[in-house]
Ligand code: NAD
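We begin with a single chain expressed as structure tokens, specifically the form predicted alone.
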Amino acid sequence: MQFNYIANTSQPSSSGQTIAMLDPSDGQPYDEIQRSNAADIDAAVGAARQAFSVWSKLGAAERGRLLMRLSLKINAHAQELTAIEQRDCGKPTKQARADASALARYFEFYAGACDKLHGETIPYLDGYSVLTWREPHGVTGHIVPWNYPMQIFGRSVGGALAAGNVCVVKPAEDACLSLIRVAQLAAEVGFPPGVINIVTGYGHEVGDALARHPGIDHISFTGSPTVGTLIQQVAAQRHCPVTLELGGKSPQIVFADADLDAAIPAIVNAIVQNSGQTCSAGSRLLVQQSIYEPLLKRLGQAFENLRVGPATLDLDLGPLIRQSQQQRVWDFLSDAQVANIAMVAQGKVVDEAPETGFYQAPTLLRDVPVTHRLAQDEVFGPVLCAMSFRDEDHAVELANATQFGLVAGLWTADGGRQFRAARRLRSGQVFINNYGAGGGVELPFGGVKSSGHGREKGFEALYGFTTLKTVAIRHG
């Protein structure tokens, strides 16, 4: 059984209730977490507020040294964390290993950033000196989703700690075991009690209590637009700032002059990585008419070669996180059949996959109408929807024709078009002749429109985890 981790100690929930953890590869329970409630959040916030008086007195360089020690500790326990994440989330080994590596890199990056968060001086009236300070909010709340627990913990909590905040974290009830372990590792390398606190449970009980708690000074949320709206409404009641990353319906735009040998592997990976359960998944494929048929033929062959199975087999895809997510994907594909949307190709679930696991074969659909829900809503599964466009204007029109604006991929050799289209795409990130740029932790990440606001990753994230204070001094 797993416990909450508050003030560097393992603690049972005040409710005395637990939640079963299911292995997505076979659908069977293998562990339990605490079903916490508002009382547990209150205890965690209290521990964090006490810790802030300690953490805030540490020099920036000393905070950086602690973050670096944690990065090194994560690397030393990478195999353990990989195994935890693999079973908890159903990730193939290579994906879980990459997530552990990314987690270590986030803390390494933010370790180096701690003593480089500078203010500035501002020219003003004669006889005055004006300067600005970047100050931490205090106690930050972090609601972390189930698709990339370690990565999102690293980019969110790492940035908050570097800026001088202390953290209360509510992981998803489906996948939280790796974060409990990371908090334990932080204690082992010398983090003061209460700097990192983990409270598990359901969103409507624990997440709601965290968002409402008057002791939380900033909230970072990654999840659905619907829940993001609720979080923002609750936070607004007490004027608590929020950072929201709320998903996407990201286009891959392929022009006739694109290098298809480079584009095709990236397009496939962008929809099958983590079984399509990725906010930045390239789920819409927009292809110029003259190459539409040949590109679909090549992609269809690539999809047919994809294999899905238990996480330990380390295939192209693992299972979806839970049965309800599997049913969601099935419902989208059923709608496609009703609308006579043609399937180009589909991968294969291997015979070794237990029937009780939550598997879905990757699916390539063609000629998806731009107004259909498959082209508008986030499936969060390995379903790629293709459609054709006439010219640059039409491509941009289709790319912008959703409520989301998180990421866009643009494939073209035309340098002028690269910049023109990138300017016109309503998206937080545009990747040109690549997709994801290796997932670099240095690259600011966030969206526009219903994809949210604020930025995580990179140095830009530190600004969101601070407040700006202006100091004006009149001389003598």
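The numbering used is simple: start at 1 and walk along the sequence shown. If you're wondering where the values come from, they're calculated on a predicted model, not measured in any experiment.
If you look for the form predicted together with the ligand, you will not find it shown, but the lines that follow are about it.
Go through 316, 217, 99, 378 and name the one with a heavy atom inside 4.5 Å of the ligand in the predicted complex. Of the listed residues, the single hit is 378.
Selected contact from 347, 207, 357, 194, since only one has a non-hydrogen atom within 4.5 angstroms of the ligand in the predicted complex: After the contact test, the surviving option is 207.
Heavy atoms within 4.5 Å of the ligand in the predicted complex: does residue 170 have any? The answer is yes: residue 170 has a heavy atom within 4.5 Å of the ligand.
Does any part of residue 221 reach within 4.5 Å of the ligand in the predicted complex? Heavy atoms only, please. Looking in the predicted complex, residue contacts with the ligand include residue 221, since a heavy atom lies within 4.5 Å.
Give a yes/no on whether residue 88 approaches the ligand to within 4.5 Å in the predicted complex, heavy atoms considered. Heavy-atom contact with the ligand at 4.5 Å: absent for residue 88.
For residue 155, is any heavy atom within 4.5 Å of the ligand in the predicted complex, or not? Residue-level check for residue 155: yes, a contact with the ligand.
Option from 170-178, 365-373, 104-112, 71-79 whose residues, in the predicted complex, bring a heavy atom within 4.5 Å of the ligand: That would be stretch 170-178.
Suppose contact means any heavy atom within 4.5 Å; which members of 74-104 contact the ligand in the predicted complex? Going through 74-104 in order - heavy atoms within 4.5 Å of the ligand in the predicted complex - there are no hits.
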